[in-house]
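Shown next as structure tokens: one chain only, the form predicted on its own.
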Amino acid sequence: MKNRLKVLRAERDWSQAHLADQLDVSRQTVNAIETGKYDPSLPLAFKISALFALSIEEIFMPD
């Protein structure tokens, strides 16, 4: 699954560690999601969409 997480994070000048703290996950989890090595759980995807005030579909796209 492709995603815009890295771009959205960069637009806000947030580090991976800062985003991880906001989402209550590890920095490694944020990195894995950004690089497409890990697809977030549905609850985590909802948390990400709420944090960025975007729909899940605006952040995550199928390959």
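Numbering starts at 1 and follows the sequence shown. What you see is a predicted model; the values in this text were computed from it and never measured.
What follows is about the form predicted in complex with another copy of the chain, which we do not show.
J.: Can you tell me whether A53 touches another copy of the chain? I mean in the predicted bound form, with a 4.5 angstroms heavy atom cut-off.
T.: Output for A53 is no: heavy atoms all beyond 4.5 Å of another copy of the chain.
J.: Might E11 be said to contact another copy of the chain in the predicted bound form, defining contact as any heavy atom within 4.5 Å?
T.: No - in the predicted bound form, heavy atoms of E11 and another copy of the chain never come within 4.5 Å of each other.
J.: Just checking whether L23 would be counted as a contact of another copy of the chain in the predicted bound form - the rule being heavy atoms within 4.5 angstroms.
T.: Outside the cut-off, so no.
J.: Considering only heavy atoms, tell me if Q16 and another copy of the chain come within 4.5 Å of each other in the predicted bound form.
T.: Residue-level check for Q16: no, no contact with another copy of the chain.
J.: Heavy atom within 4.5 Å of another copy of the chain in the predicted bound form: which residues of 1-35 meet that condition, in order?
T.: If the 4.5 Å heavy-atom criterion is applied to another copy of the chain in the predicted bound form, 1-35 yields only M1.
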